[in-house]
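Just the one chain here, the form predicted on its own, laid out as C-alpha cells.
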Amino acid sequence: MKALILAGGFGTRLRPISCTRPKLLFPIANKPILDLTLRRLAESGVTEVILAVSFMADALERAFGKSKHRIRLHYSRDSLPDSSSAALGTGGAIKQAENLLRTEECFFALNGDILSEANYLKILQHHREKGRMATIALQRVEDPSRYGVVKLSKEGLIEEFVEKPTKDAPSNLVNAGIYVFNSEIFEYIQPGKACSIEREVFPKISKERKLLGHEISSLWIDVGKPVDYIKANRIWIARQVEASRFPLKGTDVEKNASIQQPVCIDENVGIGKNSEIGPNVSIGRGCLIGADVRIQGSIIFPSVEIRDQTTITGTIIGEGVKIGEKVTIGKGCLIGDRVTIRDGVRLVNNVKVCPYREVSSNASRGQCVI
C-alpha cells in the first residue's frame, strides 16, 4: 500500500517559527509531526510514501532521507516556483505524483499538518466495501468554518461539499484531510496546472455519486495555527506520559526543582534549582534552564538557553534562542530561531519575534519584532 503526504505548505499561520523550517518538522513531544504520521502509516501496512514537497523541501529530505519506520520514501517536488501564486495546490500535487501512485488499485492521501490516531485500515476497508472512487475521512467539530464541510446521504455518499463556509454550513462534519483514492482520480486533474482538489474535484465527483464519507472519532487536530499546535502537543505528551514512554533521559535536574507532569524532556537538558517545569511543556534536546525559572503550557525547541528567574507561559520558543534573566514571555508569543532576548524584557499577548533578532525592550498586543 502507498500513501501520498501533502507536505508543501508555507505554514504562514505559524510564522515566524515556520520561516526556518517546514511545518512537518515541527516537533510534537520532541518528535517531528511527519515522524508520528509515518509511524502510524507503517503500523497500518503502508510500505511506500510519496512526500509532495515544495517549501524547504531540502530540509525534509535531509531529515528523513530515503526511509523511515521501514517505509520507503520518495519526494515529489512542486514543478512551479515556490514564490508563484499558482503553486500546484492539493490536486496538482496529487497529479504530479501520478507515475508513483498509478500502479496501485487505490492509495492514501493525507494532509501533512494533521495529528491523528485515525484507523487507516478501517477507512480503507470502508472504501473497498462501498466501491466508489474516493473516500474522505470526516470529523465532527464545533466550528466548521475553518474546514471543508459535507452533507452525507443515508448511503454515506457526500451530497454536498462546501469549502470553508462563511455561514449556513450544511453540517458540522468536516474534511479530516485523510483520503483514499482510486487511480481514476487522476483523470479529473489536468497536469502541470494549479488545482484545489477540495474546490475543483470533490464537487464534481460528489455530483457523480462517487464520493464517500467515513466518520472517524479518534484524536484529530489540525496543527496549522499556534493555539492548535500547542493543544496538540499538550494532548500528545499527556498520552505518552501515561504510557511511560518519556523518562527523563540524561537530564540534570538540580535540587528542589519541580517537574509537574505531563512534560516531555529530551536528552542533555539541564534544569536549575527551584525551577518549576510543567504542566504541558515539551523541552527539546540540549536546552539549559537556569534557577527559579517557571515554564507552563509551552513548547521549547532544541538548544534554548533560559537564564534565572524567567517566566514562560503558553509560548512557542524556536531553536537556539537565548533568553536573559527576569524575562517574561506570555501567552500566544512566537519566538523565532536564534533570537536573543535581553534581561528584564517583557513580551506578552501574541508578540512575534522574527529569527536572529535581538530584543532589548518590551512588546505586547500582537507586535511583530522584525
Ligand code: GDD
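None of these values were measured; they are calculated from a predicted model. One-based numbering along the sequence shown.
Keep in mind that the form predicted together with the ligand is missing from the display, and what follows is about it.
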Partner-facing stretch of 203-211, 87-95, 121-129, 271-279, counted where any non-hydrogen atom is within 4.5 angstroms of the ligand in the predicted bound form = 87-95
Tell me, which of 306, 52, 316, 49 has a heavy atom within 4.5 angstroms of the ligand in the predicted bound form?
-> 52
In this chain shown alone, the residue from 71, 169, 114, 133 with a heavy atom within 4.5 Å of the ligand in the predicted bound form is 114
Report whether the minimum heavy atom distance between residue 226 and the ligand in the predicted bound form is within 4.5 Å.
-> no
Given that the partner is absent here, does residue 148 sit within 4.5 Å of the ligand in the predicted bound form, heavy atoms only?
-> yes
Is residue 7 close to the ligand in the predicted bound form, meaning a heavy atom pair under 4.5 Å apart or at it?
-> yes
Residue 164: heavy atom within 4.5 Å of the ligand in the predicted bound form?
-> yes
13, 179 and 222 each touching the ligand in the predicted bound form (heavy atom, 4.5 Å) = yes
